[in-house]
Each structure stands twice: as C-alpha cells, then as structure tokens.
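Shown below, as structure tokens, is a lone chain in the form predicted alone; questions about how it binds or moves come after it.
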C-alpha cells in the first residue's frame, strides 16, 4: 500500500499545475465551509443567548392554553398554587436545572400624570429572575446596577417607553390594571431603572416585584402566569424538555384529571422551549439550512473537480495503463493506484484547508468582531467550531474524493491492454 501511495504521489507531481489548481479549489472550499460554520454557529449561539439569558430562559411552563392567548395575557389562565407546587417538585428532581423564576404577567396602563399609554408588565422575584435571566441587569441603560435589581414599589421600564413618555429614573408613575373580575385598580411606583430592549425597538415590557403585581391584580392566591427555567447546559434542552413534558403532562391541579392533550401539555400544564416562544427560532433554522447548503456546495465542488482531474488523468495515460497491464499488473492494483491519487488530492486539500481555516478563526477571535443587533450594541462575535464538525467535514470530503475517483479508476482497471497500447 505504501508503494501505491508513493507512485500516486509521483503521478500527481508529474501534472503539477493541474494538481495545484485542484488542491487549491478543495482548500478554498474547506476554508469557506469551516469559516461559515464557525461564524454562523457563533452568531446563532449568541442570539439565542441574548433571548434566553435576558428574557425567556431556556424552557417555560404555562397552564394549558396560555401561550395560544399570550397576546392578551389572560389572567384566567394563570397557574394555581397547586400547579406551581407540582412544577417546583419536578424541577427539584432535575440536576440539569440551574434556576427558575415564577412570573405574573399582565397588561396595564402606564401614566406619568400627564400622558397615558399601555405597557406589558412582568411581576418577578428579583433574585430568582436574575438567576434565571442573568443578562437582565446588563440591560440597564439608566439607573444603578448595584444592589438588588428591583425592590417593592419600584419598576423597571423599557427604553422606548421612557423616551416616549419623557420619564426618568426616580420619577413616580401609576400603573392601572383590570383584574380577573373586571374591577380596576391602580398603584404608584418609582422608576428604578430604564432597560434596553432585547427584541428591538418594539419592546414594551416592564418589571415590578411579583408581590406588587399580585396586589395590583388583587389576587387572593399566589397565582403565576409562567415559570421560566434556566439550564446548566443548554445542550441538555431536548432531554430536560422531554422529562418535564412527561412529568407534567396531564396535571390538572385540584381536579387531579390526567387527560392527555397535545405535545408537552395536558389537562393543566404544558411545556415550551425558547424556540416555541421566540420568533428568532425561524432565523436559527434558516442558519442551519444555509449551513447545510454550504456543505452540499462543498461536496459538489470536490466531486466535480476530482472527477474531472481523474478522467483527464485516465485519458492522458491510456498507453501507460496498457503498458503496466500488459506486464502483468492486476486490475485491482491499477484501481488502487487511481483511487490513491484521488485520496491524496482530497486529503491534501482538506488538511491544508483545515489548518488555514483554524488559523483564520483564531485570528478573528483575536481581532474581536463587534456588531449591533437591534438595540444591542457592541456585541462581540467569537467564532468557534467543534472538533466534531471539523472531523465530519474532513471525513465527508475524503469520502467524496474517493467516490469521485471510483468511476475513472474502475474504467482504467478494466481497460483492454491491446486496445490501450494501440491508442494514439
């Protein structure tokens, strides 16, 4: 086998220009694919982190039907205390869960005593919310970031609302909300800080203490609109989602019914991942689709280029093939010779392209690429690529190189010596 590789290498060197052009094409393809995978994957991970670590968490639990009506923030679909206790018991048994936060969500009227507008309000436990969405304090653009992010009687308001209503940190505002029974209640708050929006200029979500939210809505019980969950490792998302769905499916609170009703849900509770709740999930899927398309293009480049080279190699060396066949070289030896040439072309281009790509990825991390996303400024892109992705792409290119060489190599090994020797 070693002799075959030596002969194959010598044959490639004989046609140096063609070999160089083909190897360069494969190398450029490898570099392009690895760079795209690294940059696109890092962008995707960063954007997912912006949503999960600043707003959503990795998984959320709701009462069945709440998400379908989430635009109206229906108070009649809040989770009752028995449901909340059931979820907390399930979470306590999962080692993959790092933190969770109970929330009360409501729609309210926001007044600065001169003008009035609408606002979406999240009633949260400050400690649990920061543990679940650790980027929340970093969103503060006006106000102090020291100490607890929120206290009772205080409110965090979105930047868009603060500018539109000309409200500053320390100002007093009024929230007016309608409870489940239809009665109206108002409560004054002090603006603790102004938050930068994660989802762009349309963000209108404010934060108050969860007990203030319950007082505003005159809740008799400790109801919850949703429970947001943060995982220690986002890679465990599917496994934890499946476990929670299985555990919580059918739980109906006080009624105890266990009727099955839909994926991840039941008569009382349903589980959703961040992808079910964020419009960015479609962008993430598009990035995955583009990555697949780029890989297919790489395969096509390798297939066409190596097949073209090998076909030309067989055509130009017909008399040579006839000579070595006439002196007793078995067909399998001729087959292996041309396969070895294709293998060396693919492996050489892959090795060089991988080295160049990894060097460029390292350089991009040193140079610190920054960009803006919505109202998020100065985000730093850190391209990375898993060793598994590099290995898969490299193996794929080498296999395709062998397959591209197979037909010309088979044709050469089956060539009649007399006909080959008489070829002009």
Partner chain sequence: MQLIRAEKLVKTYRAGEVDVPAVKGVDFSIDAKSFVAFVGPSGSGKSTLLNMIGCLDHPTSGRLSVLDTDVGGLNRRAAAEFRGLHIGFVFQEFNLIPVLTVYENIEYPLIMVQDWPAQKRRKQIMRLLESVDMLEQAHKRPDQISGGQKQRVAVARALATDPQLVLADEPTANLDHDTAYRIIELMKRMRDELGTTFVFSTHDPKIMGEAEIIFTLDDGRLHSSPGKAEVVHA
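Bear in mind that the values here come from a model prediction, so they are computed numbers and not experimental data. Positions refer to the first chain, counted from 1.
Note that the form predicted in complex with its partner chain isn't included here; everything after this is about it.
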property: Residue stretch of 103-111, 218-226, 331-339, 185-193 approaching its partner chain in the model of the complex, non-hydrogen atom distance within 4.5 Å; result: 331-339
property: Position in contact with its partner chain when the complex is considered in the model of the complex, options 312, 304, 326, 297, heavy atoms within 4.5 Å; result: 326
property: Exercise: residue 168 in contact with its partner chain in the model of the complex, heavy atom 4.5 Å; result: no
property: Contact test in the model of the complex: residue 285 vs its partner chain, heavy atoms, 4.5 Å; result: no
property: Proximity of residue 413 to its partner chain in the model of the complex, heavy atoms at 4.5 Å; result: yes
property: In the model of the complex, residue 319 touching its partner chain (heavy atom, 4.5 Å); result: yes
property: Output flag, 49, 242 and 245 jointly within 4.5 Å of its partner chain in the model of the complex, heavy atom basis; result: no
